[in-house]
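Shown here is one chain on its own, the form predicted on its own, set out as structure tokens.
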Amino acid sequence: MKVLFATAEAAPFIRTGGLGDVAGALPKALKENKVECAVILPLYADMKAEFRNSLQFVGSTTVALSWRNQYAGVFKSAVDGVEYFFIDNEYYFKRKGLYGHFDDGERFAFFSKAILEVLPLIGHFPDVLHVNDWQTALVPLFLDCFYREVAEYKNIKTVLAIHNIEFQGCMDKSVIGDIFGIPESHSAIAEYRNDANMLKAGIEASNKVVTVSPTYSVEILDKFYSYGLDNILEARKYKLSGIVNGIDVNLYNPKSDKALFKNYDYRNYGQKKENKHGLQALLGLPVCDKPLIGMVGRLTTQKGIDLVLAVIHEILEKDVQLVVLGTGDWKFENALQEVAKQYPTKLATAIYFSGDIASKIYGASDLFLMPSKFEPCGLSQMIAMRYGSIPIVRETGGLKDTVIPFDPVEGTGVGFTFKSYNAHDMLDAINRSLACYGDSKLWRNGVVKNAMKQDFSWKKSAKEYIELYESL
């Protein structure tokens, strides 16, 4: 089976978030399962020179985008046996940053059309074209409109993965003809509520739609989570499913993570506290053995930081320390920094992002707080469990699928959960986790052991994707 994975970003070349991690790990896992998988993404100016200098030129062609004829160069590289192809067009991609430009709709419409146009150049006509989010959601529609009569394209199947339904690629509907070049016979597929909607086009035109967790595939049928697409998804529920993401277990490994002050695994879990003491000293907190709660992520309402701030004084009045790493809405950044001034021995804030500090927090923290309003999959809770940092999460999306509530009687489960989006329900979960932490035997031989034994590698997820592909 041949699969082409189309994405707006991919580690290790360039990434801004979870999509980049998936695009770097899933194709490799598919390759290990004897699937011939390649990846295609834009050639951004922001790509590090070390990667750019290793690229090989493949060739070039012209892409017709409505009345435009645009140059598309193709470069390639390889990582762990997986080929990566890069679409070059300096007008669209020689810019600072991947997203947030005024013409993002045109940029990624071009990229989507170019993916199909360069297949003869790269010599990779796939059985399945796996596209991701709104940036590549037009690929299935372009395939149906312009390429189905070509023999090599005739039997290509398409899978659209939704990593976050909030972002849909919406713009004025005039672009459907003027930029996308979609003929009138198919224009309704790209239109929704009197706008152009790229994600909606992909949902309608693809053969299968997959979300990054089973629970999220159900949640987005509800108005609360769907950002307006619930009726579209409900009508196409027959093609919808969910598969939990994995994580790179070699990259996120407390036994070998170079960012840690002291490497460890479950057998020498006691050495974890050296990471706590190292982080406390680094961030100016008193060095002690109090339970340490960590948070790593964007400071937004989606991530539940408003819940934390609603009861932060009640949290910090307990015998705990809290460390928060991340950036986001300025009102949340400022509020956290003000609270840190009031509790200098209990709260440390790092209002920036650093992969090094993130690893140190995973390695140092006893508990990991992730009270998201919605979470399509989430990787942080899985990484935290790898490091023996026990998650406290709201039961939503991938958090519900990966964090089974700990039962102290049965000794089952891997974390502490709450259901409603309510600050005091979150506080109750924190209290339960601290009570468990106070029983050292129940803590280490129960919830920590269960969490660190979990297999969050891509092996299981890759096999589920292969089953999905084979069903087509």
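From a predicted model like this one, the values you see are computed outputs, not experimental measurements. From 1 onward, residues are counted along the sequence shown.
There is another form of this protein, the form predicted together with adenosine-5'-diphosphate, and it is not shown here; the text below is about that form.
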{"item": "Contact check for E274, K346 and Y437 against adenosine-5'-diphosphate in the model of the complex, heavy atom at 4.5 Å", "value": "no"}
{"item": "Proximity to adenosine-5'-diphosphate in the model of the complex, single hit among L336, V74, A358, I312 (heavy atom within 4.5 Å)", "value": "A358"}
{"item": "Among the candidates Y252, F332, F93, Y225, the residue which, in the model of the complex, approaches adenosine-5'-diphosphate to within 4.5 Å (heavy atoms)", "value": "Y252"}
{"item": "Listed range touching adenosine-5'-diphosphate, judged in the model of the complex by heavy atoms within 4.5 Å, from 286-294, 171-179, 185-193, 318-326", "value": "318-326"}
{"item": "Contact flag, G378 vs adenosine-5'-diphosphate in the model of the complex, heavy atom cut 4.5 Å", "value": "yes"}
{"item": "K303 within 4.5 Å of adenosine-5'-diphosphate in the model of the complex, heavy atoms", "value": "yes"}
{"item": "In the model of the complex, K463 touching adenosine-5'-diphosphate (heavy atom, 4.5 Å)", "value": "no"}
{"item": "Partner proximity in the model of the complex: H101 to adenosine-5'-diphosphate, non-hydrogen atom cutoff 4.5 Å", "value": "no"}
{"item": "Heavy atom within 4.5 Å of adenosine-5'-diphosphate in the model of the complex - qualifying residues of 343-374", "value": "Y352, F353, S354, G355, A358, Y362, M370"}
